[in-house]
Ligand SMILES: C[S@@+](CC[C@H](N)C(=O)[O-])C[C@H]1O[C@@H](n2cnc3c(N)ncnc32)[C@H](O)[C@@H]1O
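Only one chain is shown below, in structure tokens, and it's the form predicted alone.
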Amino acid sequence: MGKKEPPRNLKQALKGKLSRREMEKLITSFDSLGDIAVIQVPKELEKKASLIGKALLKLNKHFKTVCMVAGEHKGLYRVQPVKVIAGKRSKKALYKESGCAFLVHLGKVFFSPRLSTERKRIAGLIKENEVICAFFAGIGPFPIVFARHSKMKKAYAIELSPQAFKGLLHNISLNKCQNIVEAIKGDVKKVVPKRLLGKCDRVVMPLPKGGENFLCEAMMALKPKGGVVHFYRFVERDRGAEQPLREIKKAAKELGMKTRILRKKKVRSFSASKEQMVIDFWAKRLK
């Protein structure tokens, strides 16, 4: 009798443990943050969450903990609650990306590993001696990846959340980029007019919900010769870039600036009706 082959995926690992109906509801994709996996468990399968978590641990030996998403992003700091469903009861992850390391406190700070490709892409666009501003910097993935993979002169990283700001300082030190990444605690709407007017070549806005309210500040931070803004936004799938393009135009008109769209592209799916989009645009004040 041949040796039984080990399961190759989560569905195989749970075969015989979930009903056919439950299998249809099972979400097999998950986020990997160091030795922690974060998975979505549909409401109908919540009673089987521990079983799903244990199966995922068996399947991926490098994971020590499995967490399930326990609610939507909420509050001023857009934090998503998570719950440990299997393994070590820890929500602290050491996540590595593009040669950088980040300490992430899951459930306490906003962080998405799904923008790793975007971080590397923008790093490749940064020219020598550019000054960058990272709005809503969180624990620092954008400016720190830029520090490692570009020849920028400096990055200002603005973050309002006390918990995320603490993580930002830690990660700047962890990646030894204190000389070129400056953490600023505060609200973008207050920090830009006071400290960053006309100082930056490039602004990154990785806040997909509500970022449109800070477009004026992004353009105000650009140098008089003009600069580039990377604007992220959730959009209705069937309407594409229609809404964000309108918002860019409105902000530019308000400030007396001209703009040019450089790129508009879907970053990832968010739900059946929504997707996250990035729009890169150049802006300069009119004479």
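Treat the numbers as computed from the prediction; the structure is a model and nothing was measured. Each residue number is its position in the shown sequence, starting from 1.
What comes next is about the form predicted together with the named molecule, which does not appear here.
The named molecule is not shown here, and in the predicted bound form it never comes within 4.5 Å of any heavy atom of Glu182. In the predicted bound form, the named molecule sits beyond 4.5 Å of every heavy atom of Ala147. The named molecule in the predicted bound form is not approached by Ile122, whose heavy atoms all lie more than 4.5 angstroms from it. A residue is said to contact a partner when one of its heavy atoms sits within 4.5 Å of a partner heavy atom; Ala137 meets this definition for the named molecule in the predicted bound form.
Residues within 4.5 angstroms of the named molecule in the predicted bound form, judged by any non-hydrogen atom, belong to 206-214 and to none of the other stretches in 83-91, 167-175, 125-133, 206-214. Contact with the named molecule in the predicted bound form, defined as a heavy atom within 4.5 Å, is made by none of Met219, Pro244 and Phe281. Contact annotation: of the candidates Leu196, Leu106, Leu115, Cys100, the single residue with a non-hydrogen atom within 4.5 angstroms of the named molecule in the predicted bound form is Leu115. In sequence order, Phe136, Ala137, Gly138, Pro141, Phe142, Ile158, Glu159, Leu160, Ser161 are the residues of 131-162 having a heavy atom within 4.5 Å of the named molecule in the predicted bound form; the partner itself is omitted from this view.
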